[in-house]
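Here's a solo chain for you in structure tokens, the form predicted on its own.
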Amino acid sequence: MAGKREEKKDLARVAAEKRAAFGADINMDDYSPETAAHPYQDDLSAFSQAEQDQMLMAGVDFSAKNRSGTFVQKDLSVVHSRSTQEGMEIMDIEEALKQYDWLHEYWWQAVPVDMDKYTSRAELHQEHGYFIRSMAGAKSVYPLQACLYLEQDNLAQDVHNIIIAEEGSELHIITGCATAPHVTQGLHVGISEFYIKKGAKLTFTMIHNWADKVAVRPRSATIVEEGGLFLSNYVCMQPVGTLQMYPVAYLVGEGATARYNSILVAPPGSEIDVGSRVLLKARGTRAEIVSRAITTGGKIIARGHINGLVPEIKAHLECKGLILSDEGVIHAIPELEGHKQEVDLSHEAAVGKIAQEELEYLMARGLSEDEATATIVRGFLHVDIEGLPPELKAEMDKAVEMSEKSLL
């Protein structure tokens, strides 16, 4: 066990060094670590309409009609947490640690605490976060939803989340991050550790709706056991100051699968450094990383790293970028690493502009130039995600649709 932990630390440090070579650094002392507590709300309708609207842009539906549970943290306070389906748990991580002694065995096991200055900060300043678990054999009827919300301007929010899909279970989660309309800047450091047990399935959809000067530093890792499936969908189509994340999945059981899908849009002033890594460590494991990136003036670094460590594995990496402004930059960094003869790894990467012949084709059929551009962009951002529940697909489609208006 100790050897495996050291291996994860070494790999994480390499990833951190790669990020540091390209990503923007920030001074964490510039942000306030304290704020007044917010009251707990039993009724979701008690949240203001402005709060509901902002969180809806991040995929959180306050009607909760098609949700199996809801968690909301505002600044440093957990203000709502409730599960409505048997076999599904969603609660404050600090309450979960008090309730379950065994949960400490998962604490900082997937993500090393000393990976970089942000993980160290989260350990020293952590205020809440969520614990989500599906019991063995349980299947979520509807997705559970969680929101991390910044209400105070220039606040540092440090959270630690643990998500466990027990053996044979099926868990679907929508998590959104958002800021109040008056917030212009702040810092969010989020540690997320995922554990998918034998034969379990976890679909995790994250939608970001930050303000244009917020610094965002998620650090996450996933361990997938035999026959498990981890499906991660990430959407960031609103302005953000600087975003830096490089989640990693460890496929440690035979037949384990991981798929990462991301949709990124960088308006002017935004700097986005996003990637995904998968380490295939058992026979029969499969992985796929798919990225769609658009810049309208901001900078995007789109990373992908697949590491095949054993025979009889298969993985594919696909990164496509669309530049809609001469001020924008897209830097695609696909990496394939094979260590055995019987590995099957492939990648496809392309960065460019909208083809003039595509515009002319649509305009010849009666569309204006703006309508033709919108149609092409909508098609470009469409990612066909296998196995996505209808409720989650609807949320992703909604996020794309709501963001198109500001994008174009």
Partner chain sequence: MARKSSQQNGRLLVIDDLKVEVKGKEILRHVDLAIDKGETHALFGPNGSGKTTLLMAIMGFPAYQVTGGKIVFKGQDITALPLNERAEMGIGLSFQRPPTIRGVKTRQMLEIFDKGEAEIKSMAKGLDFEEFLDRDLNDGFSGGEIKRSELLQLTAQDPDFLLLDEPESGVDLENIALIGKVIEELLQRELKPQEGKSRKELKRERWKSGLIITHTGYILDYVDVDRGHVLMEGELACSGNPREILKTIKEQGYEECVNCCRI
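All figures in this text were calculated on a predicted structure; none of them were measured in a lab. Positions refer to the first chain, counted from 1.
Form predicted together with the partner chain: not shown, discussed below.
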**Message:** To verify the annotation, which of these, L362, A64, L345, V351, has a non-hydrogen atom within 4.5 Å of the partner chain in the predicted bound form?
**Reply:** L362
**Prompt:** Which one of E34, D30, D53, E358 is close to the partner chain in the predicted bound form, taking close to mean a heavy atom within 4.5 Å?
**Reply:** E358
**Request:** Given that the partner is absent here, state which listed stretch (55-63, 371-379, 337-345, 40-48) has heavy atoms within 4.5 Å of the partner chain in the predicted bound form.
**Result:** 371-379
**Request:** Answer for I26 alone: is it within 4.5 Å of the partner chain in the predicted bound form, judged on heavy atom distances?
**Result:** no
**Message:** in the predicted bound form, does K320 come within 4.5 Å of the partner chain, counting heavy atoms only?
**Reply:** yes
**Message:** Just to make sure I understand: among 246-267, which residues lie within 4.5 Å of the partner chain in the predicted bound form, judging by heavy atoms?
**Reply:** none
